[in-house]
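Presented below, as structure tokens, is a lone chain in the form predicted on its own.
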């Protein structure tokens, strides 16, 4: 007889007890997480942290009310106790006709989310990656003076989700990555640079390239000076463009629309961006670091086109917001931990790559600014779309990158910004769960001296 999954047994006990206590519907979510973080400085390990967290949450529904509770006690008695607390909490909440759990339906995507090489690699081998990254950066240019952080990270997750309507699913995943932050100096001047390489596979990690990229970013900004106020075309490198996508993402959720917190509310079917822009959320992306076969409610993940050729197609939904809207969940009921109920969120959110090489985009320009850094992005208003940020980068002169500039500012509205995009690179890069290619935007005002 095959061995039974003990976590699944605990989840079933939580469901059974919830129903015995009177719940109309019940859901049990169990996650087990392990995370390793190694920081190296000057060729020596500065910190090594290994953390593990396991727990169970129960969500119940009774007569239109919802209750939620969680526990780290994964024993049968613990499952019964958390079920009891969830039902008790349910009695204190308001009735909402859209409270419901999803039923089984739809095939889960077949994804390879667990690379055994991550687990097999020794701690010494992982330390060596961080050391190699640091050495590569220093070898790139003698002006690299300070390594602020040379880090290796990885994590494993095991998720089991069972509900009283018949969903009964488990998946296992892992990720790994390296990150380097440093400073280059010349005389009294100092400039910072960083690079990262994260993914689902261990062997493709490239510490030499990552170290060189961080050093290159810092060194190229040495000698940065002011720039005169001008109205010009700008180019955003992928990392900066991804930062702007971070403003847009939350506004593309059904929850934001229903709470009156989205600048895209009421614009479905309307043009909200340049025809060159397509924005996609794909929870089933084969190499996506945020991919999973099902979301935090057990709904199959998939590819959702939010903006196609500049036209808004719709929004991301979990079961609750979909019910309010009269549509189907897009599989975006996300939760980062067993300690929280599923909310609407994005998974692998990205701007689709174009067909131009970034160098071609720059060569077409007589003048402009190639922006490599933005300061104050967190101050952007996600409801109105207004933003005002500090920028730094490199001037573009006669189709070539020239001197570095710092101390400038740029402001505007994200909807106007999106409509002014007239160039999209073929270099889509992801930074965690968000990604973008190089973008060119016309007619922006850069405030300088």
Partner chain sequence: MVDKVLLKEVLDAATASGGDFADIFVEEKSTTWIGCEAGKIERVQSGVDAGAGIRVISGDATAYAYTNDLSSQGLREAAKVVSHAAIGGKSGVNLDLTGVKPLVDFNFLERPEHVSTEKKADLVQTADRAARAAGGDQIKQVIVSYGDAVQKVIIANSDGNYVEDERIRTRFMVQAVAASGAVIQTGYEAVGSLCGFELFNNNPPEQVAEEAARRAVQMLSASPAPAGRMPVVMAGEAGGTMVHEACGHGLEADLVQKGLSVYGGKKGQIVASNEVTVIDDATLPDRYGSYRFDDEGVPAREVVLIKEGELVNFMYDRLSASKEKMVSNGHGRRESYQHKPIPRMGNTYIAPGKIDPEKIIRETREGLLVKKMGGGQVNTTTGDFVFDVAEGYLIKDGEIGPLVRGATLTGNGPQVLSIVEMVGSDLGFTIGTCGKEGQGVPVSDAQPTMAIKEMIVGGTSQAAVSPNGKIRRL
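Residue numbers count along the first chain shown, from 1. Please read these numbers as outputs of a predicted model, since none were measured by experiment.
One more form of this protein, predicted in complex with the partner chain, exists but is not displayed; see below.
S.K.: Name the stretch, out of 110 to 118, 152 to 160, 273 to 281, 183 to 191, where some heavy atom lies within 4.5 Å of the partner chain in the model of the complex.
M.R.: Heavy-atom contact with the partner occurs in 183 to 191.
S.K.: For a quick test of understanding: in the model of the complex, does each of 131, 169 and 404 have a heavy atom within 4.5 Å of the partner chain?
M.R.: So, no: the whole triplet misses the partner chain.
S.K.: Here the chain is shown alone; which of 103, 359, 93, 206 has a heavy atom within 4.5 Å of the partner chain in the model of the complex?
M.R.: It is 93 that has a heavy atom within 4.5 Å of the partner.
S.K.: Looking at 391, 396, 30, 26 here, can you tell me which has any non-hydrogen atom within 4.5 angstroms of the partner chain in the model of the complex?
M.R.: It is 391.
S.K.: Even though the partner isn't displayed, in the model of the complex is residue 46 close enough to the partner chain, meaning a heavy atom within 4.5 Å?
M.R.: Contact check for residue 46: yes, within 4.5 Å of the partner chain in the model of the complex.
S.K.: Is there a heavy atom of residue 68 lying 4.5 Å or less from a heavy atom of the partner chain in the model of the complex?
M.R.: Close contact exists here: in the model of the complex, residue 68 approaches the partner chain to within 4.5 Å, heavy atoms only.
S.K.: Closest heavy atom of residue 63 to the partner chain in the model of the complex, within 4.5 Å or not?
M.R.: Close contact is absent here: in the model of the complex, residue 63 is far from the partner chain, nothing within 4.5 Å, heavy atoms only.
S.K.: Quick check on residue 373: any heavy atom within 4.5 Å of the partner chain in the model of the complex?
M.R.: Because a heavy atom of residue 373 falls inside 4.5 Å of the partner chain in the model of the complex, the answer is yes.
S.K.: If you look in the model of the complex, which residues in 256 to 279 sit within 4.5 Å of the partner chain (heavy atoms)?
M.R.: Counting only heavy atoms within 4.5 Å of the partner chain in the model of the complex, the contacting residues of 256 to 279 are 259, 261.
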